[in-house]
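First, one chain by itself: the form predicted alone, in structure tokens.
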């Protein structure tokens, strides 16, 4: 049983959901979702946000019917101890993969834009102790990092105004010029930016009056969707379609044109500030992975955290170059898509049948 002093208010769910969704992907998703729907891909973001909101509703239907209220208890009740624990272990691996994708992508951006000779192993040696300190303590520490991860980088949103001086609205005209199929195809690519919401299945028991937190989860998802659409539209009126196909991180290009009398390269400030967005991603995924192993096997939380961070370190170091990062991103995207939109709804149906059968038997 989790003590009330270790729980957080329902409002914090807004920051947990939003910080889990916004990270390093904000720099480059515009080029990725542009693949099918072209300049109409901002509509695909709205569709993706709505679909994720439905998934959040499904998650709450699962969680509120379980006494312990997390994915471990739901798996064990639905599938039994052995199969349930195995599926929880697969979910743990998925969370580890998500943390690796975020961390390794951020390191690559630093290498390309700031320090080409930066050693991945050396940088991670400095970062891993900070992550361990955060996830080995109480969950409230993780929540504090997530809160700052939303509030502190908020001013970066104002940088979207500067590129509008060079905007060409004809880049996104005529609107709705792509088929529904193309919009949906781009939506499947856009969903990768929202996948952090799966951590809700782990931190739900740490929320006071958890049932009342659902609206804040939807608000967090709405905030993320609005920010992504704003970034996407600014990017699309700045770049034309041919330029977008050649740019890997369009948002960095938007920052690059910003000039101040006292500052030459604003993108350096942007990349440094971005650290406060990727850190909540990594600590939330790693805390959730640690919590799952602790709940499933009963191992000490701090020891599990140390082992999983060792795995994160090795996985990040051996993922060499742009090709390695692309493989990680593609794998996480495909797995996350199946998990959120196929596995979670199926789990709700099986869990519902299981509860009905048990109720009739008793």
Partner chain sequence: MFVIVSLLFNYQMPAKVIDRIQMITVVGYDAIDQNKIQETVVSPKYQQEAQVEDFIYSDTAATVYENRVNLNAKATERLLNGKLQIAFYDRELAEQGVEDFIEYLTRDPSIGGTLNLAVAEESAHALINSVKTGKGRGVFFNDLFDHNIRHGNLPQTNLKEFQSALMSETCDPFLPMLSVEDESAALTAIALFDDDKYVDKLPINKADVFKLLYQNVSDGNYQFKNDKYIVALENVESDKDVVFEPTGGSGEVTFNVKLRGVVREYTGKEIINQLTAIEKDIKQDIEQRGENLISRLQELDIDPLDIEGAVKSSNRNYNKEQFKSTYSEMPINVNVSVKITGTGTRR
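Because the structure is a prediction, the values reported are computed rather than measured. Residue numbers count along the first chain shown, from 1.
A second form of this protein, the form predicted in complex with its partner chain, is not displayed here; the remarks below concern that form.
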query	finding
Residue contact check: residue 138 to its partner chain in the predicted bound form, 4.5 Å heavy atom	no
Residue 223: touches its partner chain in the predicted bound form, heavy atom cutoff 4.5 angstroms	no
Touches its partner chain in the predicted bound form: residue 238 (any heavy atom, 4.5 Å)	yes
Interface membership of residue 264, its partner chain in the predicted bound form, 4.5 Å heavy atom rule	yes
Interface segment, criterion being heavy atoms within 4.5 Å of its partner chain in the predicted bound form, picked from 249 to 257, 215 to 223, 93 to 101, 187 to 195	249 to 257
Three-residue site 73, 157 and 208 fully in contact with its partner chain in the predicted bound form at 4.5 Å by heavy atom	no
Residue (of 83, 161, 180, 126) lying close to its partner chain in the predicted bound form, criterion heavy atoms within 4.5 Å	126
In the predicted bound form, the residue from 89, 112, 229, 148 that sits within 4.5 Å of its partner chain by heavy atoms	112
Heavy atom within 4.5 Å of its partner chain in the predicted bound form - qualifying residues of 70 to 106	none
